[in-house]
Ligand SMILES: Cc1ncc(COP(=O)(O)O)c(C=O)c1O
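A single chain comes next, written as structure tokens; it is the form predicted alone.
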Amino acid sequence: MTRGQIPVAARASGIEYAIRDVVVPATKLEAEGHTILKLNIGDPIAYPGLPTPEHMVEAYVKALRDGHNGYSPSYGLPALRDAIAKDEQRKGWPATSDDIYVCHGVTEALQILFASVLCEGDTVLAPGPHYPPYMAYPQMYGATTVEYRLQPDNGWRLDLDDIKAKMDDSVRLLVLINPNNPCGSVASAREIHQVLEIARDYPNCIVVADEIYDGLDFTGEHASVASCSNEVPVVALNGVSKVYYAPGWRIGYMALHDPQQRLLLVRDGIERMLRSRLCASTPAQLGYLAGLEGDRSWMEGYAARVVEQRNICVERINGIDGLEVQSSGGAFYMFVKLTDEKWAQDDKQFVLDLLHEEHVLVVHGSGFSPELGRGHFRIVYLPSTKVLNDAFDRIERFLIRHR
């Protein structure tokens, strides 16, 4: 008897993750012997010259050697929760260790938050363009993601009128990614206060503050969302991946700021979810603890290099006919506009053809938002200046060839 394919759940078959999906054809080309210039993934360890700080690595190794290989408490090691709370206090709000929940990176924190809050018919209001899981995960819980607009001709700043127009009682989570991935824009305290003023009219809405890049702010305008809120509940997300250059450790956290004690039921749900999945990596938590408690002067040198490479990218990109870009204020991304008519309506084909013809890998903007990201592509400006210049030479050659 012939048997058909066993069906897959729709929640899985519909998921796309543009940042890694474009790696599939690149891997095939590498298997054929081609060298790929990779400007696609926000992994600082993938690029030479920005290693995880040695004192953090040593703490991780010491934890392994000292036998700290068992389960930790489900909410995180008490010492780490306390150190994170003190770090959040320095950002301007009265966090306690009980407000901190340690997860397998911000991605798991999002999954747990969505599972604890969202029900059938609920809405997540997230920026467009945005980090792909904000679109992919809510559907697993019967919710829908609606995008509010970032202003492409105004440094990708928040469109507050669009947020206000799209708010309604179905919005359970209003997302701020600050600094933003993929655009690199930074929302100021003034803008954050305006968003909170909108959210306060919706009593069942929680503001989600994705601040994983907060230590990579080059504008001086960045403010902790929790520090700006005296009424609206805020869940801040952060971790070791970007600012501490240790993405593979998979340690992040959510911090609950609940000034009017309205998250008691949500907190109980989060804690139940966390207990059910046991814990995050114990030795990696100890490595992160060393980063939080140790000297941070090393960050200045890393930031200086990132800014220098950002400036090179702005100059090179704006010197290429067919491309435009605004300088990013934070993180390590740029969202480049395709002004060449051939590619402006098909950014994904641009990315695939560029990869196959010139062996340069970037990510199509429509992968961050089918509508609001179309006609753009994202680059990571962490590779060496030599690699960046080589990549831009190839991109310019590609555009000229197809003009």
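Since the structure is predicted, the reported quantities are computational estimates derived from the model, not experimental observations. Each residue number is its position in the shown sequence, starting from 1.
Not pictured, yet referred to below: the form predicted in complex with the named molecule.
Of the heavy atoms in residue 107, some are within 4.5 Å of the named molecule in the predicted bound form. Using a 4.5 Å cutoff between non-hydrogen atoms, residue 333 counts as a contact of the named molecule in the predicted bound form. In the predicted bound form, at least one heavy atom of residue 242 sits within 4.5 Å of a heavy atom of the named molecule. The closest non-hydrogen atom of residue 212 lies within 4.5 Å of the named molecule in the predicted bound form. Only one of 148, 131, 156, 114 comes within 4.5 Å of the named molecule in the predicted bound form through a heavy atom, and that residue is 131. Among the residues 91, 262, 250, 164, the one placing a heavy atom within 4.5 Å of the named molecule in the predicted bound form is 250. In short, of 114-122, 321-329, 99-107, 291-299 it is 99-107 that has heavy atoms within 4.5 Å of the named molecule in the predicted bound form.
Along 167-203, these residues reach a heavy atom to within 4.5 Å of the named molecule in the predicted bound form: 177, 181.
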